[in-house]
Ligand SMILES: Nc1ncnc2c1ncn2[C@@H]1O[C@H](COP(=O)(O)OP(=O)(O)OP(=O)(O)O)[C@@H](O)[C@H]1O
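Form predicted on its own, single chain, as structure tokens, below.
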């Protein structure tokens, strides 16, 4: 089983959007996918509760726990971890032990970049990252790559030598899909064509 951790201590940066859409994409590839929502708000689980039975299935893993249990069933192909804002300490360390890929969403604002700086510094000190057992990819959230904001974000991240996998635009497509427990991968392609294209580099990185 491969594990994807979606993490950033800054609230509202798009973690749940990434986690739910990643899980839905993988499920749509006939993979057995489990989702673990570690956030107290349980937004990912609320999304799963809305998901229609005819859509590709995603399993909710141990939904009543807020802490990470090191004993995880291995009868899934993928585990997607939607982490809470402010994850740190033993919970962060345990999540990193499980993770093969760490997806860090970042919005190009001074507040988001300041919070992400401290988080990335901690990540780079973790044993799993230092020993290349977990790999980090950055996603620019709600940003047009042609803007000054995107250039500022890219310049900020150069200090870490980490890949900016893609930029996802600010659009209601994600919001409207989530209202019915769907992802952009569950929509007719003509409704999300631009967004599906933006996701391709992330998908390739996750599956590699």
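Since this is a predicted model, take the numbers as computed values, not measurements. Residue numbers count along the first chain shown, from 1.
Beyond what is shown, the protein has a form predicted together with this ligand; the following relates to that form.
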### Task
Go through 51 to 59, 148 to 156, 25 to 33, 174 to 182 and give me the stretch that gets within 4.5 Å of this ligand in the predicted bound form, heavy atoms only.
174 to 182
### Query
in the predicted bound form, does residue 85 have a heavy atom within 4.5 Å of this ligand?
yes
### Query
Any chance residue 161 has a heavy atom within 4.5 Å of this ligand in the predicted bound form?
no
### Query
With the partner absent here, would 11, 141 and 169 each sit within 4.5 Å of this ligand in the predicted bound form, counting heavy atoms only?
yes
